[in-house]
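Have a look below at one chain only, the form predicted alone, in structure tokens format.
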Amino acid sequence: MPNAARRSERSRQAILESALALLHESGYADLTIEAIAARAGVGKQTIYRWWSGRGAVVLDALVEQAGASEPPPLPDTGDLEADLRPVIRAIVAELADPRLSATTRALTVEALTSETFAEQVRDRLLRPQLGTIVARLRSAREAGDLRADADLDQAVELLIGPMYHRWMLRTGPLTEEYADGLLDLALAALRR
């Protein structure tokens, strides 16, 4: 007799892998539960038994793709600017990439319409990543490189928020030069 738990895990993996493959092939706008089910070789009811909709499937797939463990800490070379620059540039590059940006936009729309989904995105996808920046800023503050009264959560928002504003409203290009300028301005506000 086949093991039901193993069969369920195989189905779950097939669904997550199918969702990511279809996402990369056709984008979020064309992603449907029907297409995911067909690709994974499962019924739609199997997907709806585990997830509320395509956003939830994609979120689980992205979280699993990122890895179950915490993201690695940022380097601490003693030069905060040098340690943050590649991170800020990478975020800007991801937002500038049309393929990645389309998925992020779609998840953002879903998060705006569902507080529960927004909490899941924050807790499972964003907070672990942003936590690495907070930890590096904390280290810089302890070393005396940042103002002692700097609120580190606000400092992360100061670094990350403007790029999301530019990305969401399409107010200007997302370039390395923009990333560098943003980092320079934020650090000028945060330094002692």
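Heads up: residue numbers just count along the shown sequence, starting at 1. For the two forms, the rigid core is made up of the largest set of C-alpha atoms that agree within 1.5 Å on superposition. Predicted, not measured: the structure shown is a model, and the values here were computed from it.
The same protein has a further form, the form predicted together with another copy of the chain, not shown here; the description that follows concerns it.
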At the 4.5 Å heavy atom threshold, is Gln65 in contact with another copy of the chain in the predicted bound form? no
Residue-level contact is defined here as any heavy atom of the residue lying within 4.5 Å of another copy of the chain in the predicted bound form; does Ala19 satisfy this criterion? no
When the contact criterion is heavy atoms within 4.5 Å, does Gln154 count as touching another copy of the chain in the predicted bound form? yes
Against another copy of the chain in the predicted bound form, would Tyr48 count as a contact residue? Criterion: heavy atoms within 4.5 Å. no
Any idea which of 121 to 129, 57 to 65, 37 to 45, 137 to 145 reaches within 4.5 Å of another copy of the chain in the predicted bound form, heavy atoms considered? 121 to 129
Of these, Ala93, Ala82, Leu112, Leu100, which has a heavy atom no more than 4.5 Å from another copy of the chain in the predicted bound form? Leu112
Within 164 to 184, the residues that have a heavy atom no more than 4.5 Å from another copy of the chain in the predicted bound form: Tyr164, His165, Arg166, Trp167, Met168, Leu169, Arg170, Thr171, Tyr178, Gly181, Leu182, Asp184
Given a core-based superposition, decide whether the C-alpha of Ala90 shifts by 2 Å or more between the shown form and the other one. no
State yes or no: after fitting on the rigid core, is the Cα displacement of Gln120 between the shown form and the other one at least 2 Å? no
